[in-house]
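Only one chain comes next, encoded as structure tokens, the form predicted alone.
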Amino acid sequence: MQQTSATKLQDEESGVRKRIRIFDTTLRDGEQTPGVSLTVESKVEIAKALDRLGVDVIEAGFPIVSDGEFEAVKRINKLRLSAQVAALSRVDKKDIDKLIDCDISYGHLFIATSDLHLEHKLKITREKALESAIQGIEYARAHGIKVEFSAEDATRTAEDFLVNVFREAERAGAERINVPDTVGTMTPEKFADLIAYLKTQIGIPISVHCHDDYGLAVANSLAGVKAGADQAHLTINGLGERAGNASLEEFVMAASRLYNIEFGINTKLLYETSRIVSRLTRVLLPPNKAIVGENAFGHESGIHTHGVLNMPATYEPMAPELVGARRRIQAGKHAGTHGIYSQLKALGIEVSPENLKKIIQKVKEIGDQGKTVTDTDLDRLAREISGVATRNSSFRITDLAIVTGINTVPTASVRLSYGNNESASVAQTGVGPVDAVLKAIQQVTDRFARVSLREYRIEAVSGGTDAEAEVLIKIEDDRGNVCSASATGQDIVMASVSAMVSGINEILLRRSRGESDKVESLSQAPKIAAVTSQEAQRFKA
């Protein structure tokens, strides 16, 4: 990254190290997200993705918790990954024995140290906590386990006692201490002061582990690293207890781009890794999630699209390709000439300046009604207004049967025709009829393009038992192409089928044309220059 003089000065003043370690705890603290429970196979898949990403340490789990957790840690430890594999343990002997049974060489040992936890949770004295910590560390070290020691609730622990615990942990053989902001109550300034002070008192490396209860986990982690910590505990997508942990993707990009800190992370895999974790944990990301959200590089406003199409840096602080994402232009009431033109170009539709005006006006009218203009909606509008022939669909639904009821697993049988009158019939089960039929469709279309359903919602169009409903979906293929589609009908299942098939056909069109959601510069679009005299002057020749 090219540095400005301001960035260099900031680096010099902060004393930030050029290279820090990333300790990923997605499989441990991240899995403690309420409602998340990963199978052994899922944890192994995520561990491999994290290793490809380039994290330094993978905390594989908490072996004492369950047989499945023990098996997952053991399996991951045998994968011979480039990353170190760690596992969590209380300072109790029985916990540490589980680490030994897993053949783990890196143990993350912890005990609470705040008076609040000691009195109300553990019901022990400070002296007993300190004794337990020393004994646990010594026991682990005696069995060849390298120890990273955490003082749980460190940021609410009396400072003199915290320092004493960490000093004794170092004497007992811990190779690293970790400072958890367990309930996210620190501010960046206070956390930086604490880490800087601990650096003067402790001779071993320091990690930081921040939670996001006040939305400050990433900021606090950055402050800790600036103050001298050389490792940060993070999770993909910011998963974790309550409001979650510090987000790996946000921390890495902010630290590297804004503070010139180096990692072993392949940032181009951030988007892909985020999607793997989201799929396996079944925790959907907010569209506006920084770095990896679907709208992180999405633009609708005419002012923004005009700028970003001519020079992406006008409204993007980084190139989407840097994190493995793609730029996306959204049609809507805020859209302008430049954005709609670029979308039509991606759809392979050429329109006259007059028809483009009509299309934009219609898009704004739909937006003013509070409705979403999907990619397939725009395609349909453009073809109706410009008289462009409707393109042949790659896939068509020719037969559908669904079985559902009490004590019956919802099952859908579908027949899809495609290509030169080829067809395929499949059956799938699901949690409901819609889930079953969409899974069946995906089973057929996966051989052409692997797509995943990113968003599904239903909006009522009219009232009554015979009401019509609009189904809106958003799908993404394995190349990062994102497409939205909608369909309206009284039968929600059929509307869902129509939307899904339309979306898949749109994805296939983009793939066949070698197109993606990455928009092109309008400098090569002279036909549009006549649309409005004022905007035309801004186009590059």
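In this text, all values refer to a predicted model and were calculated from it rather than measured experimentally. When you see a residue number, it is the position in the sequence shown, counting from 1.
Note that the form predicted in complex with 3-methyl-2-oxobutanoic acid isn't included here; everything after this is about it.
S.K.: May I ask you to state whether residue 31 is within 4.5 Å of 3-methyl-2-oxobutanoic acid in the model of the complex, using heavy atom distances?
M.R.: No, residue 31 is distant from the partner.
S.K.: Are any of the heavy atoms in residue 294 no more than 4.5 Å from a heavy atom of 3-methyl-2-oxobutanoic acid in the model of the complex?
M.R.: Residue 294: no contact with 3-methyl-2-oxobutanoic acid in the model of the complex.
S.K.: Does any part of residue 180 reach within 4.5 Å of 3-methyl-2-oxobutanoic acid in the model of the complex? Heavy atoms only, please.
M.R.: Heavy-atom contact with 3-methyl-2-oxobutanoic acid at 4.5 Å: present for residue 180.
S.K.: Looking in the model of the complex, any heavy atom of residue 470 within 4.5 Å of 3-methyl-2-oxobutanoic acid?
M.R.: No.
S.K.: Can you say which of 417-425, 96-104, 148-156, 364-372 gets within 4.5 Å of 3-methyl-2-oxobutanoic acid in the model of the complex, counting heavy atoms only?
M.R.: Single hit among the candidates: 148-156.
S.K.: 211, 226, 338, 328: which sits within 4.5 Å of 3-methyl-2-oxobutanoic acid in the model of the complex by any heavy atom?
M.R.: The residue from 211, 226, 338, 328 that makes the contact is 211.
S.K.: Just to be sure I understand the contacts: of 437, 137, 88, 129, which is the one whose heavy atoms reach within 4.5 angstroms of 3-methyl-2-oxobutanoic acid in the model of the complex?
M.R.: So the residue touching 3-methyl-2-oxobutanoic acid in the model of the complex, by this definition, is 88.
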